[in-house]
Structure formats: structure tokens, C-alpha cells
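Presented below, as C-alpha cells, is a lone chain in the form predicted on its own.
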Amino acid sequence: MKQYNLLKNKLTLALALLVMLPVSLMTSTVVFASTNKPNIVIIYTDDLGIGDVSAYKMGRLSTPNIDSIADQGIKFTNGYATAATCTPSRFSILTGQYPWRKGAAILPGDAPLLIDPTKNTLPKMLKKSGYTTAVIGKWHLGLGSGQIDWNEHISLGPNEVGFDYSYIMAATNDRVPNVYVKNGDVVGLEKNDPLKVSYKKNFAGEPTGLDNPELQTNMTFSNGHFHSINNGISRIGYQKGGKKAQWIDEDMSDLFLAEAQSFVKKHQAEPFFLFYTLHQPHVPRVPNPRFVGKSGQGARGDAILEADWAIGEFLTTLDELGLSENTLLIFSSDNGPVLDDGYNDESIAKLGEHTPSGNLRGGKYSLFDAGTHIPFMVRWPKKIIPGVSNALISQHDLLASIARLTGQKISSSDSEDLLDTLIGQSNTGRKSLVVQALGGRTAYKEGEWVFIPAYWGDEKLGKENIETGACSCYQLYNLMDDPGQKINLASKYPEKMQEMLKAYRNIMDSE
């Protein structure tokens, strides 16, 4: 019978207690002892490069708490986000879909919800298996269905795509509105000071970073971030009112940590799924004063140390509650690193010998490998024997992998079931992967080979000083011999290039 196939799984979960269910129910509900069902936590950082994590031994920062996840679990050396920018990667990790199928791109702060609320998602799937679900931190996947009235309940957001509890920043920390949204309601908003938001024009009498530079008392912009000012920092977009609701950047990390700790304490007696999405080291980088100057690398390095500390505090909470042993914890980043991303924060001047991209080429926004080749670690003490895996794995594979873990089935052509790889019981990863960069451009990875189609456009983002990967020629690189992608082999191996081009087109043309 079909349901007996689950017993072949290598997991030592109590699937032997699986009750005999009709086949039609197997896709939605699997019954097994709640004490054996692992909690699931994804810790997701923002713009963190593989060289920023000391476990990968490429940079000069020390991240002992993040490293402990690798020391106690599996460190993937070939782990990828699906995109070199945040919204598309976040879309993929929750839906199991490639972002280019949805046309996902960086969203403005007042964009409608990107995820179709009628479709399956990772939190929806886990709710069907009895999990309580939460997202805490950065969202950046849109809210509402059109023009948002921030002073009323927002009916479309994280809660409508599977999260029982949500405490999020509305978009990003450099975009308005600079408020937190809890289960669809702006936190701390006063009725007599309504919040207004626009990405088209400023509100009469409201200062901006461009017109009122003297009000940038916390940090000045270097490019692009010269609209409304909150907490002495100018942002992208315009806002008016809601003064009591607007955040203080220095407190953001502590607030998200406290919310994450509170959630696991409240739900420690039942299986839970937590998507803990840190904002560091995204701009503006304004860590708590406790961390200022600690890295010697300016605000960016300090923000990474702050994130590492917060992760350590969260891991300690799991330990104190006795939850660590049976918690599947996944750590990663939404895309690769960037230094000057719009603010004067000395991240370039004080970089020193640190290499955020490690030995890889490119960074955030880029088709080159550093745009999507990110830190990726998995810890589950009850099941995982610590080690290192070179298997190719992508964040959007979590949907299919966790589906099998919880005895469910999904219909997705993009997410691959790599559960055995995820928990270190197999060295086999996915065969190939399409990654997306700025402007919806895509590249194709298969084994050690990377193929980048011909794209016209700027070869470098001048202000960010990042190579885009755009070129009027085809590009072919062998990452095994040339991880820095210095030698284009397209003319040397034309047959391999054509083979990669054909495989790439087959995926891009698929439904």
C-alpha cells in the first residue's frame, strides 16, 4: 500500500506509529507521536556573505554562535539562495518555486502581497501537520491587495499564507513605512496621528534627506536613500504621521530576538515552526550601542556581530527549554554581500582584509557566484551527525524535503526532496539550479559548471562596486578549478557551452 512507503524513510521518527489512513488523506495529515515530531526553525539573515561567517574560514570576522550550528550539524559548502536579491529568495524559500516563474523582484514598501494566498506554502504545509507557525523579523513579500490603509487591519499578509503569528517590519529597514506589523496591525499606532505612505510624491511640509541633510543625525545617505527621515536616517519613500509607531533602529535586533524567544517559550509543549528573519547586515546598519566599534570594520561588521550574539541568545533559549535536541534548525542568508548599499557607514573604509564574498566573484545583485552562494547550515542533534557536505542544495528545496519529514506530499516542479542530504544521510544533491540576479536575469549551474547567457547592460553597479555578470557574450565557468570565475571557457569548450544552454532553456521553458 502507498502509505507503507513512508516506513522506508531513514528517519528514526516514530513513523512506525503511523495509523492506517486512506491514501487520499496521506497528502495532508500524518499522525505520529508529538514528542518525536521535531520543531523546525529557519534563521535567515539579510545580505550576509559566505565570507562573513568564520566557519567557512574565508574572512576576518569571528561568528562563534553561528559557527556552533555548523560544529553541531552539517555545513554545506555548496548551498544556494535562488536569487541575489531578497524578495525573490524569500518568495522561493516559502513557496518552493523559482522566483522568475512569478516575476518576483525587489518590492517597494507599499507593494501588495506577492504570494498567492490560495497556494501551498511551507508554513501552510506544516500547519496541516500540527505545527504552530510564526514569522518574526523582516518580511518584504508585500502586504494587502492594493493601496494599503496603514491605520486599519491589513487583511493580506503572513497570516494569510500560513503563519499563525507574525511580527514583522513592513518591508525593509531602508524603506518606508518604518513600523512593525503584528498579525496585520501596525504596532503602537495612535488614532490621532494616522500613518500615510507614498512612493510617488512627498507629503506637504515633510522633510527629506535631500532637502534637509542637517536632520540626518544618525547616518547620512550615499545614494538613493534621500526621502523621508526617521530616527535621524533618510529612507526610500515618503511617510507622514505615525510618529509613536516608527521604530528605533538600534532596538530592532533586541526586539526581534525577544519576540522569537517569547514564541518558543509559549509553544514549547507543541511542535512549532519559526521563520526568524534577522535584518542584519542590511542597510541602514545601526546596531545597538553595545556593539558599536566591536568589529573594527565599521557598522557592517558591528551589525554582523550583533546578529551573531542574537543567534547565540536564541540558541541558549532553546537549550534552557530543553528544545535543542529535537529542533531542526536551518541557518542561511537571502543573498550575497554588499558594502556601500546607500549609506555612509564606513563599511568600505574599515573593511581591512575581510572578504565578505570569500573567494567568490560578485555579490548581492550579481549573476556571479557570490550573489547566491551563501552560508547554509543545518543542525538537529537528535538526528544529525556533524560533518561537511559538498552537495548542491538550494533554499527552495526545503519545501519538498520538510514535506517528506512530516509525511506529506506536494506538487512542485522546482523544490526537490533532499531530506537525506539535509540531515547528512546522503551526499547526493540536486543536479542543477537556476539562479536569479538583478533585473530578472538568470544563470544556470550544473555540477561544477556555471553558464551565464548573454545580457546587455551595465557590467558593474558603480555605486555598489559590484559586477553584475552582464556581458554581450556567453560565459562558461568551472567553479571547481576557478571559484573566482576569472576564466571564461565558452570558446574553449563550445560543446559544453551548448549543452548547458540547452539544459538551461529546457528549465526556463518548463511550466
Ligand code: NG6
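These numbers come from a predicted model, not from an experiment. Residue numbers run from 1 along the displayed sequence.
One more form of this protein exists, namely the form predicted together with this ligand; it is left out here, but the text below deals with it.
Asker: Check whether residue 234 has any heavy atom within 4.5 Å of a heavy atom of this ligand in the predicted bound form, and answer yes or no.
Answerer: Close contact is absent here: in the predicted bound form, residue 234 is far from this ligand, nothing within 4.5 Å, heavy atoms only.
Asker: How about residue 260: is it within 4.5 Å of this ligand in the predicted bound form, going by heavy atoms?
Answerer: Answer no; every heavy atom of residue 260 is more than 4.5 Å from this ligand in the predicted bound form.
Asker: At the 4.5 Å heavy atom threshold, is residue 306 in contact with this ligand in the predicted bound form?
Answerer: Although this ligand is absent here, residue 306 would stay clear of it in the predicted bound form, with no heavy atoms inside 4.5 Å.
Asker: Is there a heavy atom of residue 364 no more than 4.5 Å from a heavy atom of this ligand in the predicted bound form?
Answerer: Yes, residue 364 sits close enough to this ligand in the predicted bound form that at least one of its heavy atoms falls within 4.5 Å.
Asker: Which one, 430, 282, 267, 75, lies within 4.5 Å of this ligand in the predicted bound form by heavy atoms?
Answerer: The residue in contact is 282.
Asker: Could you tell me which one of 249, 416, 174, 110 places a heavy atom within 4.5 Å of this ligand in the predicted bound form?
Answerer: Of the candidates 249, 416, 174, 110, 174 is the one lying within 4.5 Å of this ligand in the predicted bound form.
Asker: Could you tell me which stretch in 221 to 229, 183 to 191, 251 to 259, 367 to 375 has residues with non-hydrogen atoms within 4.5 Å of this ligand in the predicted bound form?
Answerer: Result for this chain: 221 to 229.
Asker: Could you list the residues in 117 to 156 that come within 4.5 Å of this ligand in the predicted bound form, counting only heavy atoms and keeping sequence order?
Answerer: If the 4.5 Å heavy-atom criterion is applied to this ligand in the predicted bound form, 117 to 156 yields 138, 140.
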